[in-house]
Every structure is written in structure tokens, then in C-alpha cells.
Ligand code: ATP
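First, one chain by itself in C-alpha cells, the form predicted alone.
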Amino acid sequence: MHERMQRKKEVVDAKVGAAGTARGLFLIHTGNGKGKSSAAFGVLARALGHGMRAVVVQFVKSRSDTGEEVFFRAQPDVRWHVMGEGFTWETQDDAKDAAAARAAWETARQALADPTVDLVVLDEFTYALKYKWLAIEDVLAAIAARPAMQHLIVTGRAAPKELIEAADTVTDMVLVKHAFQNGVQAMPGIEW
């Protein structure tokens, strides 16, 4: 056992030693499982702990009573924007949803171009691409042109292939089991 762990340590140490590049990272949290936004907000808390400044743009969500918003709005280094009209099955208005997505994208573009912003979180952003409210080419160009040390996290189901290819790290959240399937309502502090 000790020899195996020693070999593992040597492999890991070699990889750590070979990783000499420092730059802003582009992360995607996608998939059908719970935790995409929650994971992004965990990274946001970590970034704030390192003295970073952040912007959060929520693309689909329209409610302003979530625990994460209440908490992060109280942080002086976070600008929080709730810009959605609500989930599409609720709104049933593609034109209104598309207009909201374009307005949110303008806010996001400004953050992506701002060298004083260390982390940008685009929450539920993949839907704006899935429903063709935004052009993937424009999005990829803005992502590529962001400041060199700026980090970006995109959340949402069904991340398009082009976005995945541009990202540095992609996590696919897989649903194994969810309380809602057994009739349990969305609970404050867990779901919102």
C-alpha cells in the first residue's frame, strides 16, 4: 500500500510541477442533475475569500428571494443581476424571453470586458443558446476576448458543443435521485 501511494504521489507531484500556466479559466456546469448553480456559487464564495470582485448575471431565473442572492448582495465585491423572465414553461412567451436574454447578455458582455472583474458567473446561460436567443459566435468571441486573468462560469442544462469545446473545465451533473420525484417541494436553503 505504501509503495502504491508513493508512486501516486510522484505522478501527482509531476503533474503539479508541469502546470506552470496562470490564466483565467472558463468552467461549465451542465447536465440534468441538481447543483450546477450551487457549485458556481460555491466557487463565488471561494473567489471572494481571495479578495476577488465578481459579477453574477442570472439569465432565466426571475425570483429575487433566493438565499444565495440575499447572501451575495450583502458582499461589497459582488454585483448581482436577476434578469430573466422565469422558466420558459412558466412564461410561454418566446419573444419576451429572448428580449430578456439579450438585455442580460449586454450586462454580461460588459462584465466580460471589464478588467476589474475577476469572476463572471452566467447562471442558466445555456438556455439562451439552446433557444437561439443569442448567437453562439458572438458569445464565443466575447468569451475569448475577456481579460486574461478573468474567470468565467456558465451554468445550465444542454451546454452546446461549441461552448464545451471552448471551456477549460466542464462538469456534467448527473441526476441519480431527487426529492421532488417523491413529492417533496423545493425547500428554502436547499433549492433556493
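Residue positions are given as counts along the sequence shown, with the first one as 1. These numbers come from a predicted model, not from an experiment.
As for the form predicted together with adenosine-5'-triphosphate, it is not shown, yet the points below apply to it.
Participant: Can you tell me which of 140 to 148, 160 to 168, 43 to 51, 122 to 130 lies within 4.5 Å of adenosine-5'-triphosphate in the predicted complex, counting heavy atoms only?
Facilitator: Stretch 122 to 130 is the one.
Participant: Should Lys61 be counted as a contact of adenosine-5'-triphosphate in the predicted complex, where contact means heavy atoms within 4.5 Å?
Facilitator: No, Lys61 stays farther than 4.5 Å from adenosine-5'-triphosphate in the predicted complex.
Participant: I'd like to check something about Met5: if you look in the predicted complex, is any of its heavy atoms closer than or equal to 4.5 Å to a heavy atom of adenosine-5'-triphosphate?
Facilitator: Heavy-atom contact with adenosine-5'-triphosphate at 4.5 Å: absent for Met5.
Participant: Looking in the predicted complex, any heavy atom of Ala22 within 4.5 Å of adenosine-5'-triphosphate?
Facilitator: Ala22: no, not in contact with adenosine-5'-triphosphate in the predicted complex.
Participant: Heavy atom to heavy atom, is His178 within 4.5 Å of adenosine-5'-triphosphate in the predicted complex?
Facilitator: Heavy-atom contact with adenosine-5'-triphosphate at 4.5 Å: present for His178.
Participant: Going by heavy atoms, what in 26 to 60 lies within 4.5 angstroms of adenosine-5'-triphosphate in the predicted complex?
Facilitator: Counting only heavy atoms within 4.5 Å of adenosine-5'-triphosphate in the predicted complex, the contacting residues of 26 to 60 are Asn32, Gly33, Lys34, Gly35, Lys36, Ser37, Ser38.
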